[in-house]
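Heads up, the chain below is alone and in the form predicted alone; it's given as structure tokens.
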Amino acid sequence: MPLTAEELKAHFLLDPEVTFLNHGSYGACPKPVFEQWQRWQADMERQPIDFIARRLQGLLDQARVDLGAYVGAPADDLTFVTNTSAGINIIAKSIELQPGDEILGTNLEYGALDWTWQHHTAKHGASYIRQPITLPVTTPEALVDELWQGVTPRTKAIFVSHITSATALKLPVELICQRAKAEGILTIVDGAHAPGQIPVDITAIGADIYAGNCHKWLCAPKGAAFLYVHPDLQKWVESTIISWGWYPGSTFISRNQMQGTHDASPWLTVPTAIAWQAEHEWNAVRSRCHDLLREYVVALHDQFGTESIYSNDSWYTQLAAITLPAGDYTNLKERLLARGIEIPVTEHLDRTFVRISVQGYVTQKDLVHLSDVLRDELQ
């Protein structure tokens, strides 16, 4: 029997005075995972030479095996990175672009990675195209067709989020990758919000490249993320720095895993986070969170008299954006925090949202509190 939200809340280090509805930004680490993280750090400090020079590569190899089993990818096609943005930047730096080439994304992508692609394409005389996606969304097929309106003979790669940041839409990445493969177009998936929130099977998705965070919904320590690259593409993928892993005959793993002196303890703690969620029947926890969020999405849109950007609840899981009425919300996030609620206020085109994270520790009482405070603030 999975723990209740109230029981799970006791497993986290979160400030009890704050209604925390922003797990999606940086995540939160449960106490047993946090303690294992500290044990790895203490182990390293006890004998740094032995830990880093003799043991670390083997420990990372085993951690990648556990991670690979969790995300549906061979361990040797995965490397640890500090966050999803770091993984996508490795690809953006590595990909060979010619003048006139195009990287196709949507207008729903994470802003920092929009900047990444704009920077790297501009350096080579290429372009980053942000294809508009109509909201509310209707069907996965319609979304893919709309994305394909931006495909041209110059499209070098398609870059999309598995779950978008500002709007929390779960995009049909399987359909996108399938269609792109048929047309010989490289696919790059930003999976920042996916691992731990939804089941991830990279092999089934069919992405050429997939980067995901472990520190968000999987509840691993900050600094834990991964980059997957299909084996046929690994020869041209570089790394954040050129270091000892670049020996003659080096591999995708050696180039990215052997990066000199750094704190690898967040990566080594990923198997503990996976095991902790499994121990607490996380599939059932996710299902409970989704049911709670589904009711809340309907209720809050009814309260505001606004239109949801989701045609049904299959477009989100534990993260959703609630459309606010038209107005000026410049200081809303700060006003909510002053009343004890941590939640982001996001924007897309002419819409403003509160983006709600319902992690396992979020209770019905937490959501009622948000409704009451929003009612007061919006008046």
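Numbers follow the displayed sequence, beginning with 1. This structure is a prediction, so every number in the text was calculated from the model and none was measured.
One more form of this protein should be noted, the form predicted in complex with a small molecule, which is absent from this view; the next part is about it.
Interface residue among 254, 85, 155, 131, judged by heavy atoms within 4.5 Å of the small molecule in the predicted bound form: 85. Note on the partner interface in the predicted bound form: the residue among 265, 161, 272, 197 having a heavy atom within 4.5 angstroms of the small molecule is 161. Annotated contact segment (heavy atom within 4.5 Å of the small molecule in the predicted bound form): 215-223, selected among 143-151, 71-79, 200-208, 215-223. The small molecule is not shown here, and in the predicted bound form it never comes within 4.5 Å of any heavy atom of residue 293. Taking non-hydrogen atoms only, residue 165 approaches the small molecule to within 4.5 angstroms in the predicted bound form. Taking the partner from elsewhere, residue 110 is found to have a heavy atom lying within 4.5 Å of the small molecule in the predicted bound form. Residue contact with the small molecule in the predicted bound form: residue 192 places a heavy atom within 4.5 Å of it.
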